[in-house]
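Only one chain is shown below, in structure tokens, and it's the form predicted alone.
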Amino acid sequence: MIWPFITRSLGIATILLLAAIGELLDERAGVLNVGIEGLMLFGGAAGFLAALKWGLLAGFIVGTIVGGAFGLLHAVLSITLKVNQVVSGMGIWLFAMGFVTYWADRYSGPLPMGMVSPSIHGLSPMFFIALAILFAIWFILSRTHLGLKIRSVGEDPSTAEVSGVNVVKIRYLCTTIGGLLGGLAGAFLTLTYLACWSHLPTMGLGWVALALVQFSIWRPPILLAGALLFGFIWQFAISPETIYAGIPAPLPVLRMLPFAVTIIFLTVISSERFRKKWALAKPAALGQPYIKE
């Protein structure tokens, strides 16, 4: 019983990790995207419908591309048009909730028989792909010239521009890649973890991923630890009997556990003592539009 619980926990961790890696890359370049949940919804819906018509591989590809397209839309709104980044992200999320409800809910149900994602003793290879992406992002940010450009754009875009860095290009690149990863996370959710479409299946996972980036202090290794922790908490809230059958709390109360833990973490991060350290790690230009002088 414990191995299926572990594989399901790692499945949730994979979803959170993919979405949060994309957001971490966005934020290191100075772009805040609070619409991760919307990217996941679009990616999940597009991936599921594409899989019904063309197969699982097409579903993953289409879901990823659709997520990237809405990441690009966020870039156009927030970088080129200088729309408030929170407003832009919230707008994408709200539009996603309404549109996928109209577009995909009519196809609610499981994937066809025989359409099963590959696994290694129940564990999806996507978990290892997510680890590889995390390592690649960490290596790029900390060990390459491109990573230096990304970090400089997130800290002081004006100085970066004077040094010859194309701020708009870097921010577009990071925001689009963030969208691709958000779409992939949504496609993995509907095509592998759930293997079905249901009404708004993300259930707040995008918001947890957003909180994880803050929790990680923008450091990929801490992000991995946070994703694994929340994966365990999320799965425990769904199937606590796998760990301990005598838990007195009713299931609806337990399902609030991941969000309660998220609130606690955010409260701790907001404390004055932590905020002083947190402010040192936070990209200085995060959420600020760049206006070339």
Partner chain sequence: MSTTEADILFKDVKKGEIILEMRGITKIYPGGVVANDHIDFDLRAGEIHALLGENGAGKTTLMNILYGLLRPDEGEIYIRGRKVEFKSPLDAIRMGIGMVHQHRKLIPAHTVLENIVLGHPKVGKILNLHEIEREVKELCEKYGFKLDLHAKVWQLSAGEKQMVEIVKALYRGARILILDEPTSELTPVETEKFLESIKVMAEKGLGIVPFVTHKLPIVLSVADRITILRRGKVVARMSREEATMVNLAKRMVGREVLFRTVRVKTKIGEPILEVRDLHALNDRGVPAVRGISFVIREGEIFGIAGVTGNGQQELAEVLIGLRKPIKGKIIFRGRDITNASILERWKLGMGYIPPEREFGAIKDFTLVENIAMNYYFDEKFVKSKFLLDYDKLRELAMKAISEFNIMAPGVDTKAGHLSGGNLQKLILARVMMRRPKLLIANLPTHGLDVGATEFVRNKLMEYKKEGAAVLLISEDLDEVLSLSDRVAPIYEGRFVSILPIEMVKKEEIGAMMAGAISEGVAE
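Residue numbers count along the first chain shown, from 1. As the structure is a computational prediction, the values presented were derived from the model and not from experiment.
Just so it is clear, the following notes concern the form predicted together with its partner chain, a form of the same protein that is not shown.
Engineer: Is every one of F139, S152 and G164 in contact with its partner chain in the predicted bound form, taking contact as a heavy atom within 4.5 Å?
Structural biologist: Result yes, every residue of the spot touches its partner chain.
Engineer: Within a 4.5 Å heavy atom cut-off, is L73 in contact with its partner chain in the predicted bound form?
Structural biologist: No, L73 is distant from the partner.
Engineer: Evaluate L146 for contact with its partner chain in the predicted bound form, applying a 4.5 angstroms cut-off between non-hydrogen atoms, and reply yes or no.
Structural biologist: It does: once its partner chain is placed as it appears in the predicted bound form, L146 has a heavy atom within 4.5 Å of it.
Engineer: Using heavy atoms and a 4.5 Å limit, would one call D105 a contact residue for its partner chain in the predicted bound form?
Structural biologist: D105: no, not in contact with its partner chain in the predicted bound form.
Engineer: Could you confirm whether A160 comes within 4.5 Å of its partner chain in the predicted bound form, counting heavy atoms only?
Structural biologist: Yes, A160 is a contact residue.
Engineer: Tell me, please, which stretch of 152 to 160, 204 to 212, 190 to 198, 93 to 101 lies within 4.5 angstroms of its partner chain in the predicted bound form when heavy atoms are compared?
Structural biologist: Within 4.5 Å of the partner lies stretch 152 to 160.
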